[in-house]
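Just one chain follows, in the form predicted on its own, and it is written as structure tokens.
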Amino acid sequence: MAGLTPVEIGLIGAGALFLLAAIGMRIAFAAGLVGALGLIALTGWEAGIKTIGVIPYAKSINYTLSVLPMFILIGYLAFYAGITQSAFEACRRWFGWLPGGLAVATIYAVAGFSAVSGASTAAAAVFAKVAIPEMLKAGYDRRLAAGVVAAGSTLDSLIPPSALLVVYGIIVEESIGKLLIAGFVPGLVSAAVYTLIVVALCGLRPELGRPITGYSWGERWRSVPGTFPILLVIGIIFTAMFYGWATPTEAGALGAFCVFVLALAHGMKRGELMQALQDSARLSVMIFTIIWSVLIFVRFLGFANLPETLASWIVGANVPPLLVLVSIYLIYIVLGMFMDPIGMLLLTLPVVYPVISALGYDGIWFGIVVVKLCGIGLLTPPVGLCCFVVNGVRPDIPLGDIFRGILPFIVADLLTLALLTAYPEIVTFILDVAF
């Protein structure tokens, strides 16, 4: 590419990647191809090929990456062990008296499951089986029933263990331990905002979901021991990282071991265990492949000096930082309509993160915000992965009804996003205590 500057080559490469992604090429192949060709164009054939060959090995031996398989394994073990029914029953007895009480119970049961799962799709599949039949049996509107399960499952992206937060930390080289701890409170805030939306909707329109009454205090307290397995895993993972007793990988391994023991206690069969291990291996390999390919692309952008040039240009343009931030939010919301969260993070962060840093925003805070934006992407059509999972489990509920059912929860997510933007201490205060 004689006559072109490195920045111009970087812009051509970025445009090519977006084009390939838009026409449907998988992000792993598109990023690897564009990154490889870009490195060869900038550094020559021999140097480019050597760089491409070194990156997968150099990143594979990174100890930080070992946390991903542990968190993924926790989720699949919990999924196949079926330790969610007791949590849902406890939430039903404690929150059922509210307007839309079963929907509220679903939100908090999913939040609890999120603490032993790193995959939103697993949460959507589990509670489509557990919660939707109960809500429909109680006369709940099917759009609300499906919508609350799909929306509640996105809490997985914030509440640790979160694979998305790990991927973010790896790409931008932020502390994974801090990210995981920081996601806990915003996850609870999201659940609270969902609750307010459900109570308000069902309070105004009782036919959507009426309260469930008739449980005595004794019945409520007797349901609490059923939540102990989930609370145990939460306590181990969060406490170990909060006090620095274990690295995220060690905490993940402890959590996986505890869920494995609990799964055996719940009667997990050999076939289910093998399926959990196989699913964990498949997802881990897929994520690692995407990471390797995108890191080749990131190295290409670094040689082209594109992220630094773009950051300098935006800072020098004297545009209000809040306007830049809101523009980035809109970009993520639009991309989330068409891309999976991991691909979206890997595609955008190499360019977006230097801009955020140059504007003075905290990297941990932005990680929580961008993962929340990914959660919105899991709901919005036409892709809306969690909505498709709910429809796959419950084909009797049309996909159109599910997409209509999640609209109030997208509004709730935007309100949560506004809260996190206006009050960043929601994210950072726990870090001040822990570190």
Partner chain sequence: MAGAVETGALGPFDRALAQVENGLNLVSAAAIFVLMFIGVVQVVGRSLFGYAIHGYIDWIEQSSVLVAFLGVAYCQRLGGHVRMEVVLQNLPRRAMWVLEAIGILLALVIVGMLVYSTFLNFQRAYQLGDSTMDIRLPIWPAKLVVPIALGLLWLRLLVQLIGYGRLVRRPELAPLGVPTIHSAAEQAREEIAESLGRADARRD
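Bear in mind the structure is a predicted one, so any value in this text is a computation, not a measurement. Positions refer to the first chain, counted from 1.
Not on display, but discussed next: the form predicted in complex with the partner chain.
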query: Listed residue (I27, I376, I368, I402) with a non-hydrogen atom within 4.5 angstroms of the partner chain in the predicted bound form; finding: I27
query: Sole residue of R222, R205, K129, H266 within 4.5 Å of the partner chain in the predicted bound form, by heavy atom; finding: K129
query: 4.5 Å heavy atom contact, A192 to the partner chain in the predicted bound form; finding: no
query: D141, heavy atom within 4.5 angstroms of the partner chain in the predicted bound form; finding: no
query: Residue contact check: I230 to the partner chain in the predicted bound form, 4.5 Å heavy atom; finding: no
query: Any non-hydrogen atom of L273 within 4.5 angstroms of the partner chain in the predicted bound form; finding: yes
query: Every residue of I159, L188 and P424 near the partner chain in the predicted bound form, heavy atom within 4.5 Å; finding: no
query: Stretch from 273-281, 322-330, 142-150, 160-168 whose residues place a heavy atom within 4.5 Å of the partner chain in the predicted bound form; finding: 273-281
